[in-house]
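In structure tokens, the next block holds one chain alone, the form predicted on its own.
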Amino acid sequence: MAPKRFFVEEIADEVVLSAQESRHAKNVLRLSEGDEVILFDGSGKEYSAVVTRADRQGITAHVVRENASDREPKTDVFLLVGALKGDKTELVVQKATELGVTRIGVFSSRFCSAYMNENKLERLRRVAREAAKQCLRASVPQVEYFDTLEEALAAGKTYDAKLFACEFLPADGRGIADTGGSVVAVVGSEGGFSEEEYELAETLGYAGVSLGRRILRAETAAIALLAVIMYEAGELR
């Protein structure tokens, strides 16, 4: 059986798991002294470690070696998504992490009816950490929030390819294969984008893309667009 994986804030020779990770390790996984585990801190590296203490105070592990990870994507992909209602933003963050994005930005826009606060943002970051652990990634995408669409678009200005998914664009068959070394992809909230917002994106160098003749839910659009980008970049082959 493969060693269980745990996220830690900082790597040292002796690492104490967080209270949440310790509870899971003891009560669910039944780990005990001598068991091997894998630790990662989201930096792209992972470490083999051996449990040296498992008691009411928590789980302590001793790091024995650093391992190279071959699960990280070569393409730098930044997803910008409008804040979604309920737990839909969490779903997008989870699936985007699994697909291999390196950065996720949530933004508010004209037709966005959801809102963000620090608690929700921290929750999204936890979702990203858990998704990275589950899919065997050694890095965790950065998750951030932008008060306006303009601020979000400006955050993607250095990327090679800038894609702006918009439901009112014609499905003309144009592909997105030429993504270059880095990609920023923008998907709106449930309310979509206005013509003025699309024009703003164009002035900032974003190319409009269609996701076909059918109207997709916002969370579906984000996941579908990322899957196509990752496939064209060779990350899913």
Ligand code: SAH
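In this text, residue numbers run from 1 along the sequence as written. This structure is a prediction, so every number in the text was calculated from the model and none was measured.
Unshown form predicted together with S-adenosyl-L-homocysteine (SAH); subsequent notes refer to it.
A residue is said to contact a partner when one of its heavy atoms sits within 4.5 Å of a partner heavy atom; V77 fails this definition for S-adenosyl-L-homocysteine (SAH) in the predicted bound form, lying far away. Although the partner is absent here, A54 sits far enough away that none of its heavy atoms falls within 4.5 Å of S-adenosyl-L-homocysteine (SAH) in the predicted bound form. In the predicted bound form, at least one heavy atom of V209 sits within 4.5 Å of S-adenosyl-L-homocysteine (SAH). Interface residue remark: I215 is counted as part of the site for S-adenosyl-L-homocysteine (SAH) in the predicted bound form, having a heavy atom within 4.5 Å. A165 is the sole member of V101, A132, V93, A165 with a non-hydrogen atom within 4.5 Å of S-adenosyl-L-homocysteine (SAH) in the predicted bound form.
Only one of I229, A221, L17, A25 comes within 4.5 Å of S-adenosyl-L-homocysteine (SAH) in the predicted bound form through a heavy atom, and that residue is A221.
Here the chain stands by itself, but in the predicted bound form one stretch of 183-191, 63-71, 34-42, 198-206, 183-191, has heavy atoms within 4.5 Å of S-adenosyl-L-homocysteine (SAH).
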